[in-house]
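One chain comes next, on its own, written as structure tokens: the form predicted on its own.
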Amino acid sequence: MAAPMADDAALAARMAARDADALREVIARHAAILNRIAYRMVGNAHEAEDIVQEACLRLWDHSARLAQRHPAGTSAGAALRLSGWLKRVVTNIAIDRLRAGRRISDEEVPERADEAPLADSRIEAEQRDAGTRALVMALPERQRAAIVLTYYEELSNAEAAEAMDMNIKAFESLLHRARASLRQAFAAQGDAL
């Protein structure tokens, strides 16, 4: 694990020196997961691309500060994780856009293949998924982000906490509240049926 992190410090130093190839390398490594996070948060493929582009531009703009704080070849350099930094920035940009009045979606990411074998089972699954999406959409933004990062992107609690710029205990508490809210909503939905 130390080699990729040390590599991140070297990439930050190269970007600080305005090496565009370093930025291309970072984008090639992380764009797919960043796009999935953004898409699941805002529900629009074009907006998700804009969010990822904005996060990459912020990385380019902040690369000198990152390189200065985390010099390559030092223990501080080994502590730099560009993946965590970028996930946090994408999550924050998505939350900011949601707060500006946009809605979350849990629709499938466009490049994902349809895996449902039969039409009737697909219809049932779509109805169940639509109900789940509606319940997730009803959560407050930060609880929504915790659910998306943990269950849809399958990040560990530590990675999700880092993406949300929280300590692990605060994130676990947020995730606990989000799960409790979803359980309560599912129970109420079951009573309504």
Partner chain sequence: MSGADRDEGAPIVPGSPLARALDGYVVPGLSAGFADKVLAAAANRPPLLPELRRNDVTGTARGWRLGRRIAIGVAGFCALASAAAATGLLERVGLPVPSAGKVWASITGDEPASAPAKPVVAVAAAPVDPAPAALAPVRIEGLIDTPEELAEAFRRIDEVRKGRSELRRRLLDERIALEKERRAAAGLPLPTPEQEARIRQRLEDARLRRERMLNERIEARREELRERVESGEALTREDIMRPIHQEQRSLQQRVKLERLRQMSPEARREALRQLPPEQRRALKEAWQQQRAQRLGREAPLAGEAPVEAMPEARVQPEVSPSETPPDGPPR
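Numbering follows the first chain given and starts at 1. Computed from a predicted structure; not experimentally measured. The term rigid core refers to the most C-alpha atoms you can superpose between the two forms while keeping them within 1.5 Å.
One more form of this protein, predicted together with the partner chain, exists but is not displayed; see below.
Peer 1: Even though the partner isn't displayed, in the predicted complex is V52 close enough to the partner chain, meaning a heavy atom within 4.5 Å?
Peer 2: Yes, V52 sits close enough to the partner chain in the predicted complex that at least one of its heavy atoms falls within 4.5 Å.
Peer 1: When the contact criterion is heavy atoms within 4.5 Å, does M166 count as touching the partner chain in the predicted complex?
Peer 2: No - in the predicted complex, heavy atoms of M166 and the partner chain never come within 4.5 Å of each other.
Peer 1: Does at least one non-hydrogen atom of L23 fall within 4.5 angstroms of the partner chain in the predicted complex?
Peer 2: Because a heavy atom of L23 falls inside 4.5 Å of the partner chain in the predicted complex, the answer is yes.
Peer 1: Contact between R40 and the partner chain in the predicted complex at 4.5 Å, heavy atoms?
Peer 2: Close contact exists here: in the predicted complex, R40 approaches the partner chain to within 4.5 Å, heavy atoms only.
Peer 1: Taking heavy atoms and a 4.5 Å limit, what residues of 154-183 are near the partner chain in the predicted complex?
Peer 2: In sequence order, H176, R179, A180, L182, R183 come within 4.5 Å of the partner.
Peer 1: So that I can tell if A22 moves, could you say whether its C-alpha shifts by at least 2 Å between the shown form and the other one after the core superposition?
Peer 2: Not so; A22 is displaced by less than 2 Å.
Peer 1: Quick check: L139 between the shown form and the other one - does its CA shift reach 2 Å or more after fitting the rigid core?
Peer 2: The answer is yes, as the C-alpha of L139 shifts between the shown form and the other one by 2 Å or more after core alignment.
Peer 1: Does A13 move its CA by 2 angstroms or more between the shown form and the other one when the core is aligned?
Peer 2: Where the cores coincide, A13 shows only a C-alpha shift between the shown form and the other one that is less than 2 Å.
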